[in-house]
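As a starting point, one isolated chain is supplied in structure tokens, in the form predicted alone.
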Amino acid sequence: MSDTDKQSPFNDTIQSGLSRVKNIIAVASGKGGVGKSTLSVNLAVALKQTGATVGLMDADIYGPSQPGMLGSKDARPDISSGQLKPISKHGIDFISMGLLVSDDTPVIWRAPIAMKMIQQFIGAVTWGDLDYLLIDLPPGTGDVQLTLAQQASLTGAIIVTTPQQVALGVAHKGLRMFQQVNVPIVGIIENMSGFTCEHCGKSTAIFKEGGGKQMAESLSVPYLGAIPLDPAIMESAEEGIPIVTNGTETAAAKAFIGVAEKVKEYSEQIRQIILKHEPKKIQMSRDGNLQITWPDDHQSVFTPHNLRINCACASCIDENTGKKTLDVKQVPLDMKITGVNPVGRYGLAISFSDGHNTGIYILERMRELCECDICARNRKQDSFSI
């Protein structure tokens, strides 16, 4: 290991547990009670049945439900060398707070402690090689969602809603939250969409139907399908046996398999787009500059001073006028980079020797700031042509 490696400012511990996961997909809802956790379990098993290797992270720290739905209430993960080994059940690996506490023990933690547990689930679980890791989020748009969006390299997010307007409105807010932090939307799933009587065969839209599809069309995001309101889904969850494992002949099982196929299709499309823009390599040079190798093999060079004076955070740029408030003359020329951390798959959080660490550098903006000779000449030519 070189001296540069020993002094590397990169923090890889957060991402290490997920380094061999091909697609990381958050399953989210704006509100509770839409059946998101039940859907996550059955979707994970459905993906497994399509031939994929699948993991499931139960990120609802305060209300974990996956152990019961997967029939593993009494299981306990192996903990060795500071690593958590997920439990394997019905062909998928999963981890949950419910595996670490007893059924009657409430999790009474303040948010910072809960966030540390989420970080452990991200970085200290030995997920191994997976095609898909589904992350079952708690409802809302709070700390857990933001932590995962910024610290896990999400391929995208699935939004779960029920057909009625009150659920659609809150789901819309959840979707916008992911878009604001540059997480692609894999698609929308409408859950509890219509009930079919097993005796007469008549279908009844108890919670209305079609709202999820209309929402997807209005927002120009994929519609992944509808899951029917079926008592058998609830009964299978109570028994700890996902309905998809009982065969694929029922309407509910067919619906889950259909949604799984679309998840595979759209997540692969997103992944290919990401690969075209995500850096191949990010490293520090011996002279303290940040170097990025892009997918087209272009190598960008960034000096600490130039990055610092181009920070676009709220303390350096006025949010209302867009004008720079940072006094560039007060920034030392011998500025150093002290930390570099990925923010999702869209940016870098960079810390500097003057203590400044609030800036997020979007990757597209980083490419524009490249200081290599070729980019510097191109910018100069562009300025002359204006």
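A residue's number is simply how far along the shown sequence it sits, counting from 1. These numbers were taken from a predicted model, which means no experiment stands behind them.
Although it is not shown, the form predicted in complex with a small molecule is what the next lines describe.
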Any chance G322 has a heavy atom within 4.5 Å of the small molecule in the model of the complex? no
Taking heavy atoms only, is N191 within 4.5 angstroms of the small molecule in the model of the complex? yes
Looking in the model of the complex, any heavy atom of I227 within 4.5 Å of the small molecule? yes
Taking the small molecule as it sits in the model of the complex, is V34 in contact with it (heavy atom to heavy atom, 4.5 Å or less)? yes
Pick from I95, L133, A171, I233: which residue has any heavy atom within 4.5 angstroms of the small molecule in the model of the complex? I233
Give me the residue from I122, V144, A237, C311 that has a heavy atom within 4.5 Å of the small molecule in the model of the complex. A237
Interface segment, criterion being heavy atoms within 4.5 Å of the small molecule in the model of the complex, picked from 355-363, 335-343, 35-43, 49-57: 35-43
